[in-house]
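Okay, so here's just one chain, in structure tokens, the form predicted alone.
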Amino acid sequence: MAKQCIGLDIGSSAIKLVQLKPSGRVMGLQNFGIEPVQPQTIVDGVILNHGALVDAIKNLAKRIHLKGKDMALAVSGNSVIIKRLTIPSMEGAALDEQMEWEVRQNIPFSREEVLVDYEVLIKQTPTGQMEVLLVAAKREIVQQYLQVVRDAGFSPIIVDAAALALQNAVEGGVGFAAGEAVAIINVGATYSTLSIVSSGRPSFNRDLGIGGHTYTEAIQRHLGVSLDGAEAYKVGGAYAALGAQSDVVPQEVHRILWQVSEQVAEEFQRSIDFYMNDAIDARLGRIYLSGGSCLVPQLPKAIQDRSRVPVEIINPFARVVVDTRRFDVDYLRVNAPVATIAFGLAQRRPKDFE
């Protein structure tokens, strides 16, 4: 069986790495690690401190004794655009020419600024059309991330969109039911990625400028504490809501976490409603949450109350064979939602690039 890429999710607050190894009909966990990133290293998806990221990757690789060089990484935010298009059915050179025209019509950047790829989702619909997924990313941003990985001593083989890596993670971790539409929301530090998948195919994607920092800034503003203090209260409040350390977290923090969760849930619901209003016969069956900030316990309930759809925090390692002699199972379970994008990337193989 072909070897897998190392999945590397470079986030604004931490780097997450997952390495999988085929084991019969299932995957085994070969390596896993998380490394914090210095504040302001990445802002709005742009790398501002190249050296800090290179050092973080090197430190992580050394600490977990990483073996292998081929990496898959992801980009997201305003520099990435994903569109599902319906066009006349065609193939070969005609399709390539048509997609170049679609790029110029649908991408708000000059053609020279972007790297583009596409995949045919449905070759022929009942009306004689075809559905194609178009993905474009700003060349400058992609090259920044590629150079960081190269300077850390690794080979970047695949660059994916974070939204598509999320889909791969859910598909590999729990699977999709036939005919069902699900929403996947990755709640990151500075922004969140929403991906809606219908019958196993990507249908809608959107990045939103809300995330963990939304909670931290609200606590800082209302309680007048430092940024570090607000972050500690946020994390402590999450644990308190789970029944631990409640004596060290002000009750006011719980109220703030609830208020912000309601606001964040409302933003997610607006995007979901936008999709549902345009989709034909669409019915959302489930919402999966991932990312570090989905662990704020008030958030899943707020989303479920608004959407009236079952909400589940994803564990991408649910089907993965884990050697309990090598890995701390409790640590892995707690951090599984944080590693979702890296897990999706780790399912890619070098030959996917060929």
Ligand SMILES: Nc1ncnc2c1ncn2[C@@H]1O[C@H](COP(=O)(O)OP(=O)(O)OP(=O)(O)O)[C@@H](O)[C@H]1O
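Residue positions are given as counts along the sequence shown, with the first one as 1. Because the structure is predicted, anything quoted here is derived from the model rather than measured.
Just so you know, the form predicted together with the ligand exists too; it's not on screen, but the next bit is about it.
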Legend entry - in the model of the complex, the one of Ala163, Val187, Leu73, Ala183 near the ligand [non-hydrogen atom within 4.5 angstroms]: Val187
Legend entry - Candidate from Leu295, Ile314, Ala56, Ala302 lying within 4.5 Å of the ligand in the model of the complex - any heavy atom: Leu295
Inset, instruction - Can you check 153-161, 265-273, 124-132, 227-235 and let me know which stretch has heavy atoms within 4.5 Å of the ligand in the model of the complex? - result: 227-235
Inset, instruction - Verify the contact flag for Ala336: yes if a non-hydrogen atom of it lies within 4.5 Å of a non-hydrogen atom of the ligand in the model of the complex, no if not. - result: no
Inset, instruction - Give a yes/no on whether Tyr191 approaches the ligand to within 4.5 Å in the model of the complex, heavy atoms considered. - result: yes
Inset, instruction - Please run the contact check for Ser13 against the ligand in the model of the complex: heavy atoms, 4.5 angstroms, yes or no? - result: yes
Legend entry - Stretch 197-219: residues contacting the ligand in the model of the complex, 4.5 Å heavy atom cut-off: Gly212, His213
